[in-house]
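Okay, so we've got the same protein chain twice, two forms, each given alone as structure tokens, structure 1 and structure 2.
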Structure 1
Amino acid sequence: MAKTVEHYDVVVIGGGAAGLTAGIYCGRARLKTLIIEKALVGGLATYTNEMENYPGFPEGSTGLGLMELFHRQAKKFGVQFKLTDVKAVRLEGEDKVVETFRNEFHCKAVILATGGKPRLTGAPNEDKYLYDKGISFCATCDAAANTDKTVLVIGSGDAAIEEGMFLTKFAKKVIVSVLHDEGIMDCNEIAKGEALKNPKMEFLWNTTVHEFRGGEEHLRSVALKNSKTGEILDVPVDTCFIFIGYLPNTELFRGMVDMTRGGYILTNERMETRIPGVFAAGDVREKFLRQVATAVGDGAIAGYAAEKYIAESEMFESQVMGESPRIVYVYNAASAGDRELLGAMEQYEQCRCDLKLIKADVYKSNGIAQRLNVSETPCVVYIRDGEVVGSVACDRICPENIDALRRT
């Protein structure tokens, strides 16, 4: 069956907080933008009952309510949505392709915002109590909702112990299930020492999750199995927090973009991957903190960077790489010396009527400079017949040297 072909400026893969924010920025820039989400628009944030740390909502908000606002704002700016699964991508080259079962979407830029998923224990009934029914993966999100309650933390790595200590600020008791012998944890020694001294923390050593138990509506207890004795201990809890790792949804992009061993996508501060025109944002990135607030920041940068990439690509083809002779003055508007030389370059153009001057400011974006392999400013690049002939930079820039370059 032939697939329907559609063309967009930007395709965002993933409709969580990062993807929605990127879509808002691209849509507002009047780019034809598509967001593809395979499950629920809003991503994992929609499963958070109480979100009290997102700025601008002093009374708090539900994750679902907040993501609905994001969704409405994206649609306001003309962003289109497809609720389907991405089957394949072709990211190299100027024409990028995102394939679903029925469609083939061609675009100029792609933003990878596929997020991730917490690693699960695999114990019986786990799926039954995920998120709003008693199993949580975010202490920062759900700590306040567990004020004066008893909670269980699964895991003993840095995240588990640090989040467990954060929970003690709210919960009446924090019980920690540790796989190892007494005194052995996977976290750093400082966190371990502080946790062991915390009067609100209780440790159950050599235990793993045997079963999640409760009614139809909510988790009631977690059955832990002692790995040495085989004993099953039923632990009554209000909420169970699982911190045994996180799995980014990046299988589709393996071998295409650079990743860590754990599968997180590597980007620079502009959310750029190693492939021009391909960006990543949100939980899918290698980063320090994964929260809605940081996902929004990533998405804003990725959307802005995608808009700049497309604009610079069009400028590069239509203005920079023309057939008629031209010089490109690459400069930084924040540099007084570069600004002063700009006037001299404009005078140089006026004296040579057969030459066109193109000005490329790297202050906000260095895309044109990168395409011309210019790493320092100021720099003058001479182009003839659509090809770069040569360049002169810094203190070598003068009419005589530019003229010599043109005679090459």
Structure 2
Amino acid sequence: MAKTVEHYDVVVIGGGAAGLTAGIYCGRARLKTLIIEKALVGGLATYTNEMENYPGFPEGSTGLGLMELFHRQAKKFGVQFKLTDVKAVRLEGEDKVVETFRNEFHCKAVILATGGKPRLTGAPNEDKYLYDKGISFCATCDAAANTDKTVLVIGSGDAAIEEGMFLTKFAKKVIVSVLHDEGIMDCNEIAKGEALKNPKMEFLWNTTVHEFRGGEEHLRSVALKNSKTGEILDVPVDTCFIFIGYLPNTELFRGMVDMTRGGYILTNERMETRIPGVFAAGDVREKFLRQVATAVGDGAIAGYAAEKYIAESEMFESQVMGESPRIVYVYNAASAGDRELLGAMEQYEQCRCDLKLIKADVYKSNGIAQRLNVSETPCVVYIRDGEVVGSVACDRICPENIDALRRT
């Protein structure tokens, strides 16, 4: 079956907090915008019951309720939604393609907002008890609900031990399952020292999760296996916290955009990736804090940046790269010297009726300069028949040199 082809200005992959915010900004800028979400619109935040730290909701909010508001706002601005899995992408070049199993979406800009997921142990019955049924990935979210209860922490890295110590302020007992020999942990030495001294913490060395056990409703115990002796230990718990890492959903983009070893996408502060017109936002980025509030900030920037990128591409095609001969004066409005030369350039144009002058201020945006491969200002680029003929920069800018360019 041939795939149906559809055209958009922007395609956002992932409908979490970051993707929805990017959608709101693009939709409001009147761009034809599509958000593709493979599971639930709202993303990871919909799994948390209490969202206490997102500003604007002093009484708190449920993750689902909050994300529903994001969704409605995006729809209000005409953003379209497709609920399906993105299977492949082609990001290089001006025409970018996002493929699902039935469609090929062509677009000018792509925003990668696929978030991530907590790493799982893979032990039997794990999927039965995820999130609100006894297996948690967030101490900040579920600590209070475990006041005076017994909890199990899986893992011994910084996150596991720091969150585990936080849990001791609420829980009666915090049992930690560590993969390694007694005394060996993956966390930093300071955290390790503190944890070993904490009277509420108990360590089970050389253990891995063998099975999650319980009824239909809730987890009752976790069976741990001793990797040395093979012995199975049944540990009754109220909640099991798993902290064995976080995996960004970036397999699809591997080898295309730059990533850290852990698979997080590297961007600059404009959310730009290595590829022009491809942006990343939210948890999927290499960043300091992964929260809804920061995902929203990223999404706003990515949406705005995508809009600017598209406007600039259009302006570049229609005005800069035209047929008739033209010169582009690339300058920085913040520089007095560049501003002075602007007047001289205008005069130069007026004396030559067959020539058009285009002014590109890098202070506002350096997109056009980048497309013309200009790295320093001031610079004059001569264009004829839609092609760059040559350029002169800085001290070499004078009527004679520009005339010479036009004769080549």
Ligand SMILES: Cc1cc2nc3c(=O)[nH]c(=O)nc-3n(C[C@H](O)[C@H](O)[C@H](O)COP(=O)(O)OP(=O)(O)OC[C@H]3O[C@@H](n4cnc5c(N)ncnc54)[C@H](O)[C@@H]3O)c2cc1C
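Reference numbering: structure 1, starting with residue 1. For clarity, a rigid core is taken as the largest C-alpha set superposing within 1.5 Å between two forms. Remember, predicted model here, so these are calculated numbers, not experimental data.
As summarised for this chain, the first structure is the form predicted alone, and the second is not. When the rigid core is held fixed, the Cα atom of residue 244 travels less than 2 angstroms between structures 1 and 2. The Cα position of residue 258 differs by less than 2 Å between structures 1 and 2 after fitting on the rigid core. In the core-superposed comparison between structures 1 and 2, residue 147 has its Cα shifted by at least 2 Å. On the core-superposed pair, the CA position of residue 400 changes by 8.6 Å between structures 1 and 2. Aligning the rigid core leaves the CA of residue 390 displaced by 6.0 Å between structures 1 and 2.
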